[in-house]
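What follows is a single chain, given as structure tokens, in the form predicted on its own.
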Amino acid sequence: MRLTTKGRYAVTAMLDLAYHSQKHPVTLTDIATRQTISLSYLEQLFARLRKAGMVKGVRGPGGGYTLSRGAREINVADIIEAVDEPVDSTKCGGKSNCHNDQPCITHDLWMGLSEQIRAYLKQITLGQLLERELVSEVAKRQAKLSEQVIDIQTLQERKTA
């Protein structure tokens, strides 16, 4: 199975949002800094996630994004599908035209694998991931590192001003 950057980044960004938006909305700039994902790429992903009803924007000072429903109600498969990333292990994209416009000899094998992967990812919610100790440890470490990056950038801006 091929899960592209789009699907991985969407899940990563949503988990970051779920962790950090428990007290207040989170900006895409903050997510981009913590996860080292391009801000413009995040904007594209969040447009799709917003359209799918997974996140909502909060305008004004202190604004940003929050989850549109509880973290236990959002599963990983839905996040991946919301950004138009198919969970598919077949060569033909599930169209059954992999060999001379017909299913190839291993088509059913790869379709079965795709279904297993999709079922597995459907069982895992952001809430379950948040309960994992490693997720909390990594999120805290990333937050601390991003604060240091921002502090360094601020110092550099003051020197050049």
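All residue numbers are counted from 1 along the displayed sequence. Just so you know, these numbers come straight off a predicted model, no measurement behind them.
Although it is not shown, the form predicted together with the DNA is what the next lines describe.
Contact annotation: of the candidates T27, S68, Q116, Q128, the single residue with a non-hydrogen atom within 4.5 angstroms of the DNA in the predicted complex is T27.
A residue is said to contact a partner when one of its heavy atoms sits within 4.5 Å of a partner heavy atom; Q123 fails this definition for the DNA in the predicted complex, lying far away. Contact annotation: D108 falls outside 4.5 Å of the DNA in the predicted complex, judged by heavy atom distances.
Although the partner is absent here, G53 lies well away from the DNA in the predicted complex, with no heavy atom inside 4.5 Å. The DNA is not shown here, but in the predicted complex it comes within 4.5 Å of a heavy atom of Y9. Residues of 14-52 placing a heavy atom within 4.5 Å of the DNA in the predicted complex, in sequence order: V26, T27, L28, I37, S38, S40, Y41, E43, Q44, R50.
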